[in-house]
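So this first bit is one chain, no partners, the form predicted alone, shown in structure tokens.
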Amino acid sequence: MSQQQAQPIDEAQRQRDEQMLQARMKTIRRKLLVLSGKGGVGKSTVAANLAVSLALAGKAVGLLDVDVHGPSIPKLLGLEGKQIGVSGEDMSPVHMNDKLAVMSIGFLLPSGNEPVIWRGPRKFHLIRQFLTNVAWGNLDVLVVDSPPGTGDEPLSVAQLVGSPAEAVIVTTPQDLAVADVRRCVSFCNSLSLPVAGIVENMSGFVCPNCGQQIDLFKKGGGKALADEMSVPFLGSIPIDPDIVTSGDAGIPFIDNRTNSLGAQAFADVVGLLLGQQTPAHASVATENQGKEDRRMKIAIPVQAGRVSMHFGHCEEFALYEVNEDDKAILGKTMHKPPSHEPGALPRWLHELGANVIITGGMGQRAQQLFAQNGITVVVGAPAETPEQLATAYLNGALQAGENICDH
């Protein structure tokens, strides 16, 4: 009898936990999961500098380190020994500045020499707790530094964060690394996780004396893999000795050497992720420019006055220009789409300046093409008017359901 009574209580608690997780994830506009098929490719360095670059571009950024057995983020950002705050069930992340907040299991360990000897279920619980109970606030982007491979932690994060989420996959040029990353792309495809792009790290060596770049490990493996797997290529990060010394010193490289080839490479990656024609990695010079950076365009396919359940079968697209700071709709235009051919609509909406598309359903290949054009995809939208959906998205209140067209 006691077991029969306990089951409804457990189910009720599970539902409450799920509601808390979904509510927290709705306050985050975009999630970037930094993955790699193998260790030693500099994934954590890329994740840390990517997060710093996004913050320098004016975005509100969270950086979550779920590499349970090897948390590197506190060391890379000079945050070792920092303490998190706790209020009830919520944990406060460590703030590097007013744009970047960081959470890592490294903040919870008594020392940097303390090993974490956990099995899968306990790791899953920790990752879920980080996603549910960390008080990030409203974020433009959450960057998640995942451990290498396609095991428990990457799988848990991909399943828990929900849409819109994308993968940024890090490789090095060698054939062995590229082969592992090929499996990582297949892992993303099996989870219907769009790949925002591949970054080739350690791509050539920058001489500290003359600045010349020398290809130590070959070059172009990441680009060739991106072409082979039909995913975007975000760029190449050279081997720069300053990246190593900055990481050891706990100083973000992108902050320390903004004029170097490596820093510019990170800026180019961010520029592509944000869908900008020119990379943006420095602070905006004027107040008016700052406001411009906070504008975006939301595209919504419309059929009979409501969102189309499939973006490719709509009568027209509503394009809303919005101000993210004021959460206000600044204008609306309607556009007749071109003929529905592979890749045509993502290119067309990119040319119109769209940053986000909200639809009822979209296939995996189409999501990849939109990501390649710098457009965030939100699927599972309810059958409401486009203005209702645009307003709900701006306020973090969009109730997205299942992808009804995931073919």
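The first residue of the shown sequence is 1; numbering continues from there. Only a predicted model underlies this, so the values are computations on that prediction, with no experimental measurement involved.
One more form of this protein should be noted, the form predicted together with a small molecule, which is absent from this view; the next part is about it.
Student: Look up in the predicted bound form whether Met362 has a non-hydrogen atom within 4.5 angstroms of the small molecule, and give yes or no.
Tutor: Close contact is absent here: in the predicted bound form, Met362 is far from the small molecule, nothing within 4.5 Å, heavy atoms only.
Student: Closest heavy atom of Ile243 to the small molecule in the predicted bound form, within 4.5 Å or not?
Tutor: Yes, Ile243 lies within 4.5 Å of the small molecule in the predicted bound form.
Student: Report yes if any heavy atom of Pro382 sits within 4.5 Å of a heavy atom of the small molecule in the predicted bound form; otherwise report no.
Tutor: Pro382: no contact with the small molecule in the predicted bound form.
Student: Heavy atom to heavy atom, is Asn201 within 4.5 Å of the small molecule in the predicted bound form?
Tutor: Heavy-atom contact with the small molecule at 4.5 Å: present for Asn201.
Student: From the list Gly353, Gly40, Gly343, Pro338, which entry has a heavy atom within 4.5 Å of the small molecule in the predicted bound form?
Tutor: For this set of options, the contacting one is Gly40.
Student: Name the residue from Ala135, Met229, Ile239, Val302 that puts a heavy atom within 4.5 Å of the small molecule in the predicted bound form.
Tutor: Of the candidates Ala135, Met229, Ile239, Val302, Ile239 is the one lying within 4.5 Å of the small molecule in the predicted bound form.
Student: Hey, of 160 to 168, 230 to 238, 309 to 317, 96 to 104, which bit sits against the small molecule in the predicted bound form at 4.5 Å between non-hydrogen atoms?
Tutor: Of the options, only 230 to 238 has residues within 4.5 Å of the partner.
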